[in-house]
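Form predicted alone, single chain, as structure tokens, below.
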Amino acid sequence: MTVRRVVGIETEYGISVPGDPGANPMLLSAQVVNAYATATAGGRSRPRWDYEDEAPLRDARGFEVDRARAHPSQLTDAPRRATPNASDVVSAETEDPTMANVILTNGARFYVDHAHPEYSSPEVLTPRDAVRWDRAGELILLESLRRVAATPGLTPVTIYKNNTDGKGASYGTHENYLMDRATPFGDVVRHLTPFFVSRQVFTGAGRVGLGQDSREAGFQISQRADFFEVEVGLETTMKRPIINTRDEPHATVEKYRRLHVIVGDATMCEVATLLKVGTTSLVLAMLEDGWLERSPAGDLPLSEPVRALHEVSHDPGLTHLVRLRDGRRMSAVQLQWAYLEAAKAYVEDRYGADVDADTAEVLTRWEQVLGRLETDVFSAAREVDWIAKLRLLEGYRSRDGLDWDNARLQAVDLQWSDVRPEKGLHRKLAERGQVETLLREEDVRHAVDHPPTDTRAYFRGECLARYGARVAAASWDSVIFDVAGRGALQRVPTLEPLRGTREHVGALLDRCETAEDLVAALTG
């Protein structure tokens, strides 16, 4: 396999009200989601999220957590409702505005997750498309913010694409990778733990402050690293694990596993996002093929993974050596070189000169960034968030003589990820050409309203765009129609992520002018 696999990125955005630290973030998040939904619904009723097949308590280690013992934050399938007929589709957001939930025509989900507006991208197949639809989420949050500001009676908010408030709270950016269920989960843990601990050298977003509450002065590579406490586990908001064990594939369960990666940062730099998804996809390909078992990169078990995760993040000089179980010591960059060399050998063995352009790009950029990190960290500032942010912060420190505990530096850290282009420091650097961009802005804008064409997200998004008034509910693996002449709602399962593409259903959708036509064609 190559870097091409079904992936998606979920981002919980930070939200605040300037001058009002006590504002209720759940209500603020709800008004953000609802403002966007109202502006884009065109007066139609909004389809609901279909929770029917969700199972957030199923663990990849072979058991399911008892619902009565689960932490409330784990119950992401609530409100869980069967939908046998139209009268059973209940508006959760009518009952509770903090349950605001929108399914977008680009195939994404935009909703309130605890105290944050979350954008979950549609399923894509390539790292570049992961960047594209992740960036589309930034534009959706920007438009939401503007809609709130323009609506009388709503409280204007500021929105950040970051992962911590600097006061002890952290919120996630999660990656999802569809993989072969036949791959033993023990191998996933063994091979991915050193990779995740070390990949932060190019995927970290950077942060002012050390420790979960940032009380210790300093700068670190990752926004999230300090919030991880265990090696393996099911939780995502408490006792956070490096390897998350949620076994909820949103696909044919006998064939697929969805690797739910929570140990990552919200990256603004497009190259960093590309590498985050692309390198992980390559490592998964090697893992599924058994290549790592025959490679030096398959023998890198860390002595204390959680401690190593923290230590690497606290070492922007990239000199720290983590201890392996056999007594060896290696830097995070050296660990990444081992994975890169294995990936290069794997791709050469499997594909030779016929390697696809997406895989070749990831390998090339991976090697370039590691080379820069090894020789001069700041030479990677055009590609890597934490380095670009650190260079900016060091400029302020040098000019104004600021220590790391100065509140102005924390304000700069926060402003880095402001989604407003006139305020966000990353966007300003991008406009000046000081960080590298991969995508044309018109392509990102197109992705705001249109789904990828090569996954089932195409069917979901197009059904919303063409037949929105007749779509009662939807989820990652279903679209539910409420059509005339049918006594019950009509569920169309989409359990195969590579079906429902434009190639597969485009002509069918073009022939069907109404949802009734489509349902008849699918059930006839």
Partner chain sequence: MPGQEQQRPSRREDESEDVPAVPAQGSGQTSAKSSETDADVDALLDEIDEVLESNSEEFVRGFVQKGGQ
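Residue numbers count along the first chain shown, from 1. In this text the structure is predicted, and so the values were computed from the model without any measurement.
Unshown form predicted together with its partner chain; subsequent notes refer to it.
Visitor: Looking at E248, E374, D299, D289, which has any heavy atom no more than 4.5 Å from its partner chain in the predicted bound form?
Guide: Partner contact (heavy atom, 4.5 Å) among the options: E374.
Visitor: Heavy atom within 4.5 Å of its partner chain in the predicted bound form: which of L142, A115, V448, A345 fits that? Just give me the one.
Guide: Only one option qualifies, and that one is A115.
Visitor: Counting any heavy atom within 4.5 Å as contact, can you tell me which stretch out of 450-458, 354-362, 205-213, 248-256 lines its partner chain in the predicted bound form?
Guide: Looking at the other structure, the answer is 205-213.
Visitor: Should the three residues D165, R224 and W404 be counted as contacting its partner chain in the predicted bound form, with contact defined as a heavy atom within 4.5 Å for each?
Guide: So, yes: the whole triplet contacts its partner chain.
Visitor: Is there a heavy atom of G137 no more than 4.5 Å from a heavy atom of its partner chain in the predicted bound form?
Guide: Heavy-atom contact with its partner chain at 4.5 Å: absent for G137.
Visitor: Using a 4.5 angstroms cut-off on non-hydrogen atoms, would K423 count as touching its partner chain in the predicted bound form?
Guide: Flag for K423 set to yes.
Visitor: Taking the shortest heavy atom distance, is A182 within 4.5 Å of its partner chain in the predicted bound form?
Guide: Because no heavy atom of A182 falls inside 4.5 Å of its partner chain in the predicted bound form, the answer is no.
Visitor: Classify T155 as contacting or not contacting its partner chain in the predicted bound form by the rule of any non-hydrogen atom within 4.5 angstroms, answering yes or no.
Guide: T155 lies outside the contact set for its partner chain.
Visitor: Note that its partner chain is not shown here; using its position in the predicted bound form, name the residues of 375-394 with a heavy atom within 4.5 Å of it, in sequence order.
Guide: In sequence order, D376, F378, S379, L390, R391, L392, E394 come within 4.5 Å of the partner.
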